[in-house]
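A lone chain, given as structure tokens: the form predicted on its own.
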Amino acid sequence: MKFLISAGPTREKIDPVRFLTNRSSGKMGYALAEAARDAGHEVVLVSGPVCLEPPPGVQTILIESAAEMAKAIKTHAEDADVVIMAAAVADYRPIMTYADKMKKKDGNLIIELERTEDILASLGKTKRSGQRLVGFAAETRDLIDYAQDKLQRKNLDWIVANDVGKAGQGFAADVNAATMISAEGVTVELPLQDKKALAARIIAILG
């Protein structure tokens, strides 16, 4: 099968030296790409800025912004059998950006933000018959409630929910725990483990 996987954060430019981003390291998405490759699948990985080497045997597309992520994902989604959106895509971007570095001034600075495209929701609306769409829910409270709501609203087949508020797991860590929930109501608990092992379990369930 063909797997399309997104990973890492996005960066939303303010000026040539400043941007908005988040704490995603890309480790989970890269581990998923490697696990899908090792399972014998064709893999396309769309990655935001991370400090990781592209996995051998995986077509890796490097992007920076949410808009670039959306374009790359849509280009490859049509013929993908499984789409896994593990990236932490920015929900907002600055309305105005600056060609030159902003200079510090007295007083506060207000940066007005606008919504970015909801890539996962767009994929849910255009999902073809037989294609499986998998989202991630990284939450700090009410994990299962938020994950189930996201699963339904965005027309997903599976969602992988993980608590990023717990110390030592989730963002930037080498280990994670998760709960997988399907659209049919199947729940799979994945205990705390190395992200590579966790990725292999997720791919096995999907494959």
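This structure is a prediction, so every number in the text was calculated from the model and none was measured. Quick note: we count residues from 1 along the sequence shown, nothing fancier.
The next section is about a form of this same protein that is not shown, the form predicted together with cytidine-5'-triphosphate.
- Within 4.5 Å of any heavy atom of cytidine-5'-triphosphate in the predicted bound form lies no heavy atom of Arg37.
- When cytidine-5'-triphosphate is considered in the predicted bound form, Thr116 lines it closely, a heavy atom lying within 4.5 Å.
- Residue contact check for Lys27: none of its heavy atoms lie within 4.5 Å of cytidine-5'-triphosphate in the predicted bound form.
- By the criterion of a heavy atom within 4.5 Å, Glu139 is counted among the residues contacting cytidine-5'-triphosphate in the predicted bound form.
- In short, of 173-181, 147-155, 29-37, 54-62 it is 147-155 that has heavy atoms within 4.5 Å of cytidine-5'-triphosphate in the predicted bound form.
- Note on the partner interface in the predicted bound form: the residue among Ala72, Ala90, Ala80, Leu133 having a heavy atom within 4.5 angstroms of cytidine-5'-triphosphate is Ala90.
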